[in-house]
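The chain below stands alone and is given as structure tokens, in the form predicted alone.
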């Protein structure tokens, strides 16, 4: 009897405090996700009021879709570069802005501002920079690399996308690294200085091992954002030229809503979810393992 009363009391407490949030989460995330998996097994075009169940035919089509896998491999390449450069730039900025530089609080705010700008606006701003401003400067100063629009060149357009993403996300990751650096016990650093450790040795032996939790969080966030990027991709290059910058999220969107093959697009989205989940879980596992070993 006491067990039943205890359970009812806990259930009542849960419903009062967590019930509304749980209901919203189930309604907005879980149920649409399950329904999306069902739609991936149909031939729905996204418009028609009726559709039929076709099993795993859409998944078979996806595995044979060369454009899908080209976009996925391009996205993997993009993610690798952005993860490395975003975290490298963010850590360097965080290290410099916790070393007592004059005006460091103001500089932290300045570097964080790009993260506050919406992806579409950000893409349009940099579209102007790459297609107009840099071209004008390049021609005036006879700089060959900037004498033409990077967005018109398949190779340069990819790097333009990487540069914009690094510029956007570095400030946000910088704050996470700053939080990690600030929480490092000063006694350890002072003891290392007394023992004669130079700056490089202090970074390698003390700072980096204690910053592993921050690295885990930042790498996870940059991985997730890298695979899911769409707005900057749309506003900056729109997948061009010649689909050379069409990342996977844009490909899925075009397949589902522009080509009106919603079932196939949903299948692609679910496959992408499985791949990204596997990559991020693997990354978190090995990062946590490294954290324990350090």
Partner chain sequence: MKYTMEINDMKARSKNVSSYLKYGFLYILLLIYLFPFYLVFINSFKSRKEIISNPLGFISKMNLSNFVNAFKRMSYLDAFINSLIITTISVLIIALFSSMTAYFFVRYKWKINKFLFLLMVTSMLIPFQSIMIPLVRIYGATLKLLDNKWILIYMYMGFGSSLSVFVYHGFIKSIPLELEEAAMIDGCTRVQTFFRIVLPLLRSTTLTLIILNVLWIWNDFLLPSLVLISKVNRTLPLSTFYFHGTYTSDYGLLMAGLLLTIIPVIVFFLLMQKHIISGIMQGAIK
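Residue numbers count along the first chain shown, from 1. Because the structure is a prediction, the values reported are computed rather than measured. Only the largest set of C-alpha atoms that superpose within 1.5 Å between the two forms is called the rigid core.
From this point on, the text means the form predicted together with the partner chain, which you will not see here.
For residue 129, a non-hydrogen atom is located within 4.5 Å of the partner chain in the model of the complex, even though that partner is not displayed. At a distance threshold of 4.5 angstroms between non-hydrogen atoms, residue 35 is in contact with the partner chain in the model of the complex. Using a 4.5 angstroms threshold between heavy atoms, residue 170 counts as touching the partner chain in the model of the complex.
Contact check for residue 176: a non-hydrogen atom falls within 4.5 Å of the partner chain in the model of the complex. Checked against the partner chain in the model of the complex, the candidates 203, 76, 143, 96 yield a single residue with a heavy atom inside 4.5 Å, and that residue is 96. A single residue from the set 81, 72, 158, 111 has any heavy atom within 4.5 angstroms of the partner chain in the model of the complex; that residue is 111. Of all the residues from 14-40, those having a non-hydrogen atom no more than 4.5 Å from the partner chain in the model of the complex are 14, 16, 17, 18, 20, 21, 22, 23, 24, 25, 26, 27, 28, 29, 30, 31, 32, 33, 35, 36, 39. If you fit the rigid core between this form and the one not shown, you'll see the Cα of residue 275 move by less than 2 angstroms.
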